[in-house]
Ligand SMILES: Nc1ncnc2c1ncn2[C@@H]1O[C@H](COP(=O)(O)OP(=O)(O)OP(=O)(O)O)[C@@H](O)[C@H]1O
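Here's a solo chain for you in C-alpha cells, the form predicted on its own.
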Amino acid sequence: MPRYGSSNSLGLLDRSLVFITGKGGVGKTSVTAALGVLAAKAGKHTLICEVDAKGDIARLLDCEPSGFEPTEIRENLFLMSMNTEEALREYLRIYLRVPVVAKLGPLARTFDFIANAAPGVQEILVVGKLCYEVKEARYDLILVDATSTGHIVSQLASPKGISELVRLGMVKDQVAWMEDILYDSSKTSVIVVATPAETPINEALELAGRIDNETDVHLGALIVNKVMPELFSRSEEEFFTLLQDPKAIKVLNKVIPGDIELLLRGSNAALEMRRCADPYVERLISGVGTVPTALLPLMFGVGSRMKLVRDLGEAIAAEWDDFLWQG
C-alpha cells in the first residue's frame, strides 16, 4: 500500500524529521533554507542539517558555515553539517562509553574498511544521528538538506538493511528505535524537489516509486521549483496576441517609450517556457497520485540570497497554506 499523502491530520512541518531531496540543480537547498526560515518564524525550534556539508545553506542564509555541533544562526533556527567521523565519535561516547578525546586514528581507518565492505554502515551513522536528535527532542523540527536522488534511498533504507543483517544484540536494539522514528509517518517524511524539465521530473517519479518500494518512509510532498509564472489569463493572452500585429506595434511605439518589439518577444519567450513546462508538471502530478504538490515560481531579480529564501518561503506558504502545519 503506497505511503503517499498524509495518513493523519498532521501538517508537513508538524512532523519531527523532514528530508528534502532531488536531482542536483533543482533548488533543494534553497527549499530547505526557505522551509527552515518559515518554520522558525512560526515559532518552531528548528534545526537544519546539511548532509553534504558544502556550506551552501550557510551562504543562502548569510551566516558562517557550521560544524557538527548545531549553531544558532537566528531566533529559533539552528544549523549543523553532517560529519560521519564525528557521528561515530558521538556514538562511541554515548552508547559504548568510549572516551574518544582525540582523532580516531586506527579506529577510524578500521571503520572506513568496515563501512566500505558492509553496505549501510556509513548511511546508518547519518540516519542514526538525525534520529538521535529526534529522540532527544531538543528541536520541534529537523529539516535535512539530504543527498541527491542517487543516494537518499540507501540512507532511508539503512536501518531496515542493518536490521535484516543483525538479528540480535545491542545493534539490533538500537536500530529498532531508529526504525520507530524513521518509519513513523507522524514523525518523519520526505519532500522531493524537481524542476519542470524531462530529466528532473523522470528522476522525481523514479525516486517516489523507490521510496515506496524500497523503504518504509512516508513520502509527504513534491515541489516543482522554478516554474515560469502564468503571465496572462486566457482573455489577456488573446489580447496580447492582437498586440503583436505590425499595425498595433506601430501605434504602440508612438505612445509608449522603449522597444515594444523586444518587450513582446520577451513575453512570448516567457509564455513558451510556461507552455513547455506544463506537460512535465501534469505528468508528475498524475504520476504520484495523492501526494500533495506545490509549484514554486522562477524568481527574477530577487536581490540578496536571503531575499530569495524569504520569497521562496512566502511562495511555499501561499501554495500550501494549512498543509504545512495543522497540529
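Note that the coordinates shown come from a computational prediction; the quantities given were computed from them, not determined experimentally. Quick note: we count residues from 1 along the sequence shown, nothing fancier.
There is another form of this protein, the form predicted in complex with the named molecule, and it is not shown here; the text below is about that form.
For the marked spot (Thr29, Leu298 and Leu312), a heavy atom within 4.5 Å of the named molecule in the model of the complex is present in each of the three residues. This chain is drawn without the named molecule; in the model of the complex, the residue among Ser158, Thr84, Ser189, Asn225 with a heavy atom within 4.5 Å of it is Asn225. Annotated contact segment (heavy atom within 4.5 Å of the named molecule in the model of the complex): 50 to 58, selected among 50 to 58, 35 to 43, 63 to 71, 281 to 289. Contact annotation for Leu308: at least one heavy atom lies within 4.5 Å of the named molecule in the model of the complex. The named molecule is not shown here, and in the model of the complex it never comes within 4.5 Å of any heavy atom of Gly11. Not displayed here, the named molecule is approached by Lys23 to within 4.5 Å at the level of heavy atoms in the model of the complex.
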